[in-house]
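Starting off, we have a lone chain in the form predicted on its own, written out as structure tokens.
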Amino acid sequence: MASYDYDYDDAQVGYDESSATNRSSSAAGQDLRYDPNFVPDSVKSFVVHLYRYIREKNVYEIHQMYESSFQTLSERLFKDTPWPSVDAVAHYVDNDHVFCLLYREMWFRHLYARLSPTLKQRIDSWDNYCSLFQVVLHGVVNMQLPNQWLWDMVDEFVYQFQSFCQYRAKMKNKTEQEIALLRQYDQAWNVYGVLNFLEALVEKSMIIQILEHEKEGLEQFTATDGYDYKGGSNVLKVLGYFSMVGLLRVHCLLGDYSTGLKRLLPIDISQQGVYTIVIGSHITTIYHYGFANLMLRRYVDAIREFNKILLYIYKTKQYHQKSPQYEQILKKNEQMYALLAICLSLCPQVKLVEETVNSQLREKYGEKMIRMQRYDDEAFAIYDELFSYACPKFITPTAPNFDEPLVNYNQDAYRLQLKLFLYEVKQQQLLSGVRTFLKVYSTISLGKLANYMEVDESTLRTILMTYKHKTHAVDSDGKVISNADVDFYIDDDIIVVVESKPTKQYGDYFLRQIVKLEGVINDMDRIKLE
């Protein structure tokens, strides 16, 4: 059910008049035979049972219906049409207000995944999220919902915001009706509204205090996977928890990487946590954490986390083959390999990468990484290509000036981030020669190195200072950290090189040999002796 970052070059769908009166109207261009008021028996059974299990707080059965039954029915009955409208199913569930909000949340998510929503449907979905989150924040929610569903709510909320910003930025072919609607509903998917809801969920859930208390042994949030086994509700707490990941993602989309990482700080990503239980949450967290660190020049942090998640996906992806999220897992996997290739090219720290991941990386990008080390125009083009493939779909959160000529500006935010990234690459390229010489010598005089590099000593000192600056970054605690695998200091005009020694990983070597030996034994067992 999770969306991660769907590829969306949103179709330029026109405003459907019928959707103004019918909130559950069909998307533009879909099957005209669709009747929003027709409810098949299997759907009646689905909503009745789901409603009952939610009232009983039977998380196991809710999860089964949400993950399995909803997908099966969607595939069988609603492959290219929406589900029945909420009005059509409401009387089967006692017109329960909260259940109807949950049903509509799933209804819109299915619509976004399978069809092209109209502008009015995008606005209606925003209204539904507002109502749902208001109930969670200000009502008494006496439910337990599966972590997967709660993660999908936050994930889809951010995705639909992202999608709306991209849609609104394609102004060139908008009709007068669409522009009138955009003017009328100017608060729908407003960036401050989105951030305020996520911040409010974090604050009201008191999740930051809960995680602090857990470190002191006073809470059991992670140990219980966020569920409340005393009969309470997990909804607000877990939504607050996942909202921190949502805030990281939104700030990355806006290009504000420092703020994004600050919002994630209460979650210790060096440990297993509730975010690792849901594969979509795990991947989204590390993808955006790694990307933010890459853009802040904290390459070592990015490499370390990309390595861990890529190893995890390599070991577990076969268990997710039947999951509706499988394609997105594979896509994010490929994007993170591209980001890892960029990090290692700018900051060669291969010792931080496990052999399995390194082997996959060489297979996918080995040739390109060799060319990226050359620091010429071709290398520059590869950085451009990999960044464009692997970066998030950046957004411009502000509404356009409707009185000016209408143009498409949906690529503006991406172009700005690409420009900033390539500017950093250019600066790194100027330092390529220094690192090459530092790798060769343990000591060398300033004069000799200046002679080799064909610059004067004053220029060399500037280059060496720049190298120091570019191989250091400021971490989340405000401390200066080194990303360099080769460092140096100057003592009386002599450059003394300090190369970090990799720690040998004996365990990996023995495990690989054991696997090989088991393979040989299996082969021998299959041979029939005459």
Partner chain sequence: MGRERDVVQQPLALTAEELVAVNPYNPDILHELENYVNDQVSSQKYSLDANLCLLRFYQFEPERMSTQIVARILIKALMAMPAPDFSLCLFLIPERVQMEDQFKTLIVLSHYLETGRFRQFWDEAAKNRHIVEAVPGFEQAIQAYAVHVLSLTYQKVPRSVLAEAINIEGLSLDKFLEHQVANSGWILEKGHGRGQLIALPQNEFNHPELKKSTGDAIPLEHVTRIFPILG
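Small disclaimer: the values here were computed from a predicted structure and weren't measured. Here, rigid core means the biggest group of C-alpha atoms that superpose within 1.5 Å across both forms. Positions refer to the first chain, counted from 1.
There is another form of this protein, the form predicted together with its partner chain, and it is not shown here; the text below is about that form.
Partner contacts here mean any heavy atom within 4.5 Å of its partner chain in the predicted bound form, and among 314 to 322, 447 to 455, 91 to 99, 245 to 253 they occur only in 245 to 253. Taking the partner from the other structure, its partner chain in the predicted bound form has no heavy atom within 4.5 Å of any heavy atom of Tyr389. Its partner chain in the predicted bound form comes within 4.5 Å of no heavy atom belonging to Lys79. Contact between His63 and its partner chain in the predicted bound form is not found at the 4.5 Å heavy atom cutoff. Contact between Arg461 and its partner chain in the predicted bound form is found at the 4.5 Å heavy atom cutoff.
Checked against its partner chain in the predicted bound form, the residues Thr398, Gln134, Thr224, Ser359 give one hit for a heavy atom within 4.5 Å, which is Thr398. Residue-level contacts in the predicted bound form: of Leu211, Met143, Leu406, Val191, one residue has a heavy atom within 4.5 Å of its partner chain, and it is Val191.
Residues of 188 to 209 placing a heavy atom within 4.5 Å of its partner chain in the predicted bound form, in sequence order: Val191, Tyr192, Leu195, Asn196, Glu199. Once the cores line up, the CA of Leu446 ends up 2 angstroms or more apart between the shown form and the other one. Put the two forms on the same core and the Cα of Asp491 is off by 2 Å or more between the shown form and the other one.
Expansion of the Gln321-Glu518 CA spacing by 3 Å or more is recorded in the predicted bound form, set against this form.
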